[in-house]
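Next up: just one chain, as structure tokens, the form predicted alone.
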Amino acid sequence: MAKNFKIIAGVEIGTSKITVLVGELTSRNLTIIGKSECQSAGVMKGVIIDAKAASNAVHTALEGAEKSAHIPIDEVILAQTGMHLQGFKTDAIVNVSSASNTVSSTDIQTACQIALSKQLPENRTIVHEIRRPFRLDGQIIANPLNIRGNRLEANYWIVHGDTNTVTNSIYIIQGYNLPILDLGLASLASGSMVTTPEDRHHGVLAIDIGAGTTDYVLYRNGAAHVTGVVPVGGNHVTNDLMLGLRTTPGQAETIKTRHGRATLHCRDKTTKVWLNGDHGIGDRPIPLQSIEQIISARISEIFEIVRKKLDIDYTPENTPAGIVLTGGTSKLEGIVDAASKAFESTARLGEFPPHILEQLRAPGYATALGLLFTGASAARGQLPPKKGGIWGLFNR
């Protein structure tokens, strides 16, 4: 007898940590029932460079997640990030075929098929096809079916990645004897959690600053318009501090956490903080202004790179909902002001929907949560029809 629920997991293989969230999916609800995090290994800038080390870390996280949920995982939704991901716009225009100029399902299907017919370069594979809103005679139409018009345009943003890189991450999950339900863009997953439908309708830019990469997605007219990845993140801030202040990586990370700021605030060169804080051997005072200068320079560079990659797709005028920041590095003091200055727009820290539990309302969970909630519809279609009774844990 087929069970009336499915256990799915959102898995993010990050540069600094592996995050797994487990959800129980019924035909009505998705409930988070388990989680696990562990230190990452064999991953650089979102790309697996040591399969064995990465496998050990991911399998440890999956095992911990199943123990936390007290039930085996059925399927996985796996996040995709890294500089190997690239995107391009493709579109197609067809003439409405009916004598009455009413758009038919055949017109829609034809336009979409032509738009998606472009061939990828060798050794590249499609990771995600993002359909932008249709246009009918130049006007944006959410659903053009049975609407009168002459020329129908289908428009897509296609994200593709290196076949070997994508396959490596899939093999790691399959090595734990788990099937993959879907691949999800990290940018779309986190963006879906920290922006509202109203934000996406008006135009908003969501930026997720992780340890090794910065993922971004620009929304327009209610849909993702452009996505991308920058191979720079919080680890680069730590590395800058280590080199600039002549510290160990651990000391640099502690300094970033305790005294880090994304904008210059300290104007007094004589203000200093202690390296270790214990006044023991090796401890020494460090100018606070130097710390802020190093961090603010790197954060500004990250935002400048993102804006340059967006090019003409981003303007403050077509993004009235502003900039939304998430990811572990977004916890830096002053980062909202830095983003506002770089993009000449309002900026804010991302907030999760009210239904997300308090213990999961941290920037580092944005991607894994987004994977679960955006992938739930695909998994829900595989569930048997309800025959009555109460769903979920109580029913079991």
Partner chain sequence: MDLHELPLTPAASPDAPPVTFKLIGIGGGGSNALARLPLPSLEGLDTAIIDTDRKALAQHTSPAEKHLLAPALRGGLSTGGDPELGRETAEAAREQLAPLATGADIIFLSVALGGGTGGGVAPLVAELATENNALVIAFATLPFSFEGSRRVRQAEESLVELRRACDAVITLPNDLLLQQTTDTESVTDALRRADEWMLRGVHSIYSILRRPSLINLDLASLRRAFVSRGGKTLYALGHGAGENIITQTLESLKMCPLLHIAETARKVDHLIVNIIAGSAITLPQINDLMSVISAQYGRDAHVLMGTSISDDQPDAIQVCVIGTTDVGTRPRPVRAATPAADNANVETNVQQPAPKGKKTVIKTKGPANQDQEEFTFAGADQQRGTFENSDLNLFEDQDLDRPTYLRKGIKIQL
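In this text the structure is predicted, and so the values were computed from the model without any measurement. Positions refer to the first chain, counted from 1.
What follows is about the form predicted in complex with the partner chain, which we do not show.
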* Looking at 263, 247, 319, 195, which has any heavy atom no more than 4.5 Å from the partner chain in the predicted bound form? -> 247
* Asked: Only one of 110, 97, 239, 86 has a non-hydrogen atom within 4.5 angstroms of the partner chain in the predicted bound form; which is it?
  -> 239
* To do: Give a yes or no for residue 118: in the predicted bound form, does one of its heavy atoms lie within 4.5 Å of a heavy atom belonging to the partner chain?
  => no
* **residue 142, heavy atom within 4.5 angstroms of the partner chain in the predicted bound form** => no
* Asked: Is the gap between residue 290 and the partner chain in the predicted bound form 4.5 Å or less for some heavy atom pair?
  -> yes
* Asked: Is the gap between residue 231 and the partner chain in the predicted bound form 4.5 Å or less for some heavy atom pair?
  -> yes
* Asked: So which stretch, 102-110, 231-239, 126-134, 255-263, is the one near the partner chain in the predicted bound form (non-hydrogen atoms, 4.5 Å)?
  -> 231-239
* **Residues in 305-341 close to the partner chain in the predicted bound form, defined by a heavy atom within 4.5 Å, in order** => 305, 308, 309
